[in-house]
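Okay, so here's just one chain, in structure tokens, the form predicted on its own.
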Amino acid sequence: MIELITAGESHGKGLFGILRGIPCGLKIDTDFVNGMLALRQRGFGRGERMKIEKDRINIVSGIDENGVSTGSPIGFFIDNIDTKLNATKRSFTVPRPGHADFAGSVKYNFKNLAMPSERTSGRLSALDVAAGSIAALFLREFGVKVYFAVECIGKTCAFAKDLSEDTFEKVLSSDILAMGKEAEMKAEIENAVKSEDTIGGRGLAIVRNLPAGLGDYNDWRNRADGLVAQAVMSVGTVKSVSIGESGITSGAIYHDPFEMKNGTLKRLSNNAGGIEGGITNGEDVVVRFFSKPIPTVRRGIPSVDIKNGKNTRSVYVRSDTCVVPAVTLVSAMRIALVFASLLTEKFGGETMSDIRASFNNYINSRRAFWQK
């Protein structure tokens, strides 16, 4: 099992992560990890803090002098540069609707309603991206690739069903991680800026080349679709998650037919999104998610000052206008963590060579299901 434990606050000295369960023998490409961290900060509609932070992973344990995992927990640190430059204490008593200000303060009895945002801030998603990037490197060792793209900003959509190695390059070069309609999506964000508002949208993640058989139907807590949904749904701004196609109500149309062609079993569609009965079926895992507009709205939202009970408007704290590109990346990296964990649980072993041997034996022993 691969597990990420986090510590640190948005305006603390830095962010800390411990990634447990990565087997011995995985080469950690820190350039790849840092590239993903830089991608998280990039994007049209991001706020001023993204211009200050220069996120880089500092691995302090769990790798040898050659950057290869040792099998022990990988400890890492990401510096908070902004805190060193702007060491001002944040404090307010007016909750921002949509944030954890109110509910979190009730739970922990905070008088300063800014406190919950220290752990719910999108700043902490840098830890998800760092750990998820390592998980993605692990998955690559088994031919598994993780792709992602923004499909909608506001009402403007550019669907990315044909997301592949070639088209993914276009996504990575886009300011908003989209495959098309970039100008129209930017216009949606610009309109939100002009009206002192924020804007949400929808993202897509596709995991390709996963073997059939990850996850389990015997315990709902181990179902692959449930684990994916929980991982993505708990990203700060995500309010809905779907796997596969939705909106098809006819069973005869929805369910994906089998066909034997030239001695190989094929599926004629993938409406199930790569998971049936809580278990991967060998098709692409296709996950879509809706990211709400972030709740720090410049013009404020009707609220109440908890200190005196007077009606007022929510405070504005320096923030982004649109985080859909970042949320799409973060969600994809969390999905990578889910499947890296399921793969290690399925094939066991303390070293990469042990897992590879188990993986190859499994594929060879199950080949009769899809090849005749």
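In case it trips you up, residue 1 is the first one in the sequence shown, and so on. All figures in this text were calculated on a predicted structure; none of them were measured in a lab.
If you look for the form predicted in complex with a further copy of the same chain, you will not find it shown, but the lines that follow are about it.
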| query | finding |
| --- | --- |
| Stretch from 158-166, 133-141, 284-292, 179-187 whose residues place a heavy atom within 4.5 Å of a further copy of the same chain in the predicted bound form | 284-292 |
| Partner contact for A38 in the predicted bound form: a further copy of the same chain, 4.5 angstroms, heavy atom | no |
| Proximity of N191 to a further copy of the same chain in the predicted bound form, heavy atoms at 4.5 Å | no |
| Interface membership of R123, a further copy of the same chain in the predicted bound form, 4.5 Å heavy atom rule | no |
| Contact of Y147 with a further copy of the same chain in the predicted bound form (heavy atom, 4.5 Å) | no |
| Heavy atom within 4.5 Å of a further copy of the same chain in the predicted bound form - qualifying residues of 170-200 | D197, T198, I199, G200 |
